[in-house]
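Next come structure tokens for two forms of one protein chain, structure 1 first, structure 2 second.
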Structure 1
């Protein structure tokens, strides 16, 4: 009896093994990413890199970065890149004519027209889902941030809860305002900007998933806005899953969307044979998500995955695997920054500010409003140790709030360094010597799960505590949800965040880091907001309007200098990135502005 059971089991096992073993398939691509996955495939709503990746393969933009070079923008769905020289852009940069390529097919067979291009952006702006990327159209075209602002411009309220509350006449007026910014003229689309905006072309370039071109007829046939100026409010700020392009797609890109298998956390694409640039080499694409690194690694080694996501700290394990190529030191447009809150609420925040007073057991609300304290912290950090030991050399030390991969950055700017003597000096000057005398106790925060940030804080803690035994620093890990909540009320005295560029222009960093309405001003307290209003706002507003590159350089250099000299915050890393793939992957091209990890149109697989 037992013997029979055993032999049956063995037979079953052998049977399972008989089915299909790994075979090299040059036409199928499998990429395994880490935790996460797309949130939506709609270009008007997607603002995360996972969504941007899929959109990159399925849609095209008007322009692209030729060869991945940020300084070389070339036409894609447009036939020419508008410049003042070729007459397509007006002298003041406010009128831009884009000639649209003819003979380009969508996945459903329809042909691309300028009307499709206008519809793509217009419907996106009219929908303007909350938390989405459409502000990048509103800012250049209308000088505001949201559709809500446009409705206010048209005379309506800006605090309505439901759009049905607003007078239809005002909504129609708002529509007209947006409609007027884009004009179809034959095969061309003309943009009318509110102000000169040098990076506008960058916003439209591939890598900006929000500027993807959709097919108007297909959209209308699938329940999207029909183009009627009065019905648009029905599609305003819908929930993600209600939007037409949530999990469907019809673009002009080299791949078609087959399925977004949400429960299986994978997206399946297949080749679009009528792609206007000629069909891709790859026929099937699978983008999967598996949170466990060890599992991904085994798949790469077995050849079941052509490329995988590998975290920075796991890279040493991967370099020595035979048959695996690691491409490193790829520049990104990102930085990691240690922020200070200038005005910290004391009530209910005892874990982080202690007693709330400068008595050696806590910090007062305006502790970091004193530039000496900020500078002391900035000189206490060991930048080299972080770069070499934590990031293992994959990056460079910043020179200011703008990553050096951007234009208009002063690489000669004098910057902070690990100098405990200087730090001591600044501490002694802080609060007229009271800080040195009385000491302090502060909690510094990282969001749990992020090793590198935790280590950065521990480096800071270690160095500061060396300076004076009365200085007590506690490194605290908090859940992301709690961090977000505390950020909103600027309750975190010290926190580490990063910023990833939306488009490669210095303005995209200047606003969040230095403008009084920018993201980080909000999280760093009223103190910073006031300071920004006083010193930075005017410069930033001038910087985006200036069309002369020399003038822009002057402005951004000045902003950088102000930032560093006042130690507004402490940028401490500009990390590079890397890619890990099997050695049979050919044609890999990198562009810092792309959300997609691999530009699959250019990739082919050749067995070594």
Structure 2
């Protein structure tokens, strides 16, 4: 109770934005972002960095990247990292035994058990929210992508509209298939994989919010799946807001959730004093979202914020501020991409598609299903100008969907460049010349607060509109929550998103970008889903199953070639990153796999 009262005081003070509110409080951390707040706090559904940041502080995983090093995995809630050498992994890599740490407490006081760990993963797979991260468990454990696929394996339909339509006997068989992938043996959890899957341990490692461990008894008491093999369909693919953990939490992490204040765009956390590794130095945490950079900058200067989000183009404004530390050129496994929707809903979407026809006042549903349109957009963008003038050289131009820091990427792949003559040529070919003759009008979307994305779209808008006066592109900023809602309904004709690696393997970009069940296929409509089933799915499945590195390289090179050849989307930046903080921040440790901007358990504040 005392911690909650203290957090409320922090909130009220923050809202005043006075010059010296937080000027050095060693126990309170204030981070102010600018690109949007969480979508959900449920580890089974969260698949965005803003949500993952909060989950990172509240929950623990089985393993962690020691010192932020992706090549050094150590135990966290597990006591050992399974290997063939220590006997916890079978020779073929398909059976993995994980010993669970004893004496760890959840925030409600309950002690962690192996049953909690199994429930965490089983519950997530059975829930399988559409567009979520659970494919990372289905693929290694069952060789499929979704719970819908498991139902088909059990003899049911894969095209049902409502799960209540499926025979309960089939649903029980589907449950048994999932349940058999994990077993509790004393204080160990044993995973049974369908095939060898080299990055499986990475999937279970800190930074992967989907592998957070929840408390089974607390979940059931708060309305989550009750553990009954026959009742799970009630919780299958719920709306995010209906899920138990949408805005509640009970983890084993160093901080407890106090409040997710959606109207105030902030999350308040407090220290968990019974944390198994010992209490954190920080007592209170405020994670706030303010789109306006000027306000964030004012808070940083005044010491009201310990750290803020600063776009690359704004870094020159903070480099020389006394008492501010800027850490630059931090590596990322990421890319930023302009996506095209192949099947755009027209009704109710007039603000983005206009008339819904190819008549100069809108675009039809299948506008971007024409490869000529996609290639025209890709050649209209000025990649070099964006790299050098917007993000000030902090990154590199991609060669396709796979970041060049990963293995099996063809760094010699021919890629798009700024070429308005080629863009004109492809626009003239699109829809048998109708695009050129009639013109079009389309809204392209970015999330407000992300000025770099806004500028990228403005570059594209300027170049396309100078090609033909009949071409109209409107750059539209939407709140992050609105963007996510529209993505779930595949309503955005063109949009910009970044993808931060779930785990450091090329496969982790092949699935979301190119598989028919991948995150972006879902966002980009049925047209892309159908194309992926026809051309990409089998290659992607073969890529992760291949044990010969030369064979994997051949497969991923082919996927990369197809992606660029057909201009499935337009990756335009593989960025490095940076952090901007007050110089009193001590213990900063960076990990490319973390959604969290700072690992707050390791942070303390010491006035200089």
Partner chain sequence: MKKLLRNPLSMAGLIILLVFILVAVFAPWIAPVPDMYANNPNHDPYRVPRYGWGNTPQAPSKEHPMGLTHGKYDIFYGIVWGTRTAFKVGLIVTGVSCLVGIVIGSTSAYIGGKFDEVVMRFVDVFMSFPFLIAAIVITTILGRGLDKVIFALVLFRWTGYARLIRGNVLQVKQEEYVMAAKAGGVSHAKILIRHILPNTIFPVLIQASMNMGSIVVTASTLSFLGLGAPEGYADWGQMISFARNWILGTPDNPLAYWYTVVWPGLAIVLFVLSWNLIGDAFRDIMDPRIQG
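Rigid core: the largest C-alpha set superposing within 1.5 Å between the two forms. What you are looking at is a predicted structure, and each value in this text was computed from that prediction instead of being measured. Positions refer to the first chain, counted from 1.
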Inset, instruction - Looking at the two shown chains, say which is the form predicted in complex with its partner chain. - result: 1
Inset, instruction - Work out from C-alpha fits how many degrees the smaller rigid part twists against the larger between the two structures, would you? - result: 31
Inset, instruction - Align on the rigid core first, then pass along the CA displacement of residue 499 between the two structures in angstrom. - result: 3.8
Legend entry - Per-residue C-alpha deviation between the two structures [residue 411; rigid core superposition; Å]: 8.1
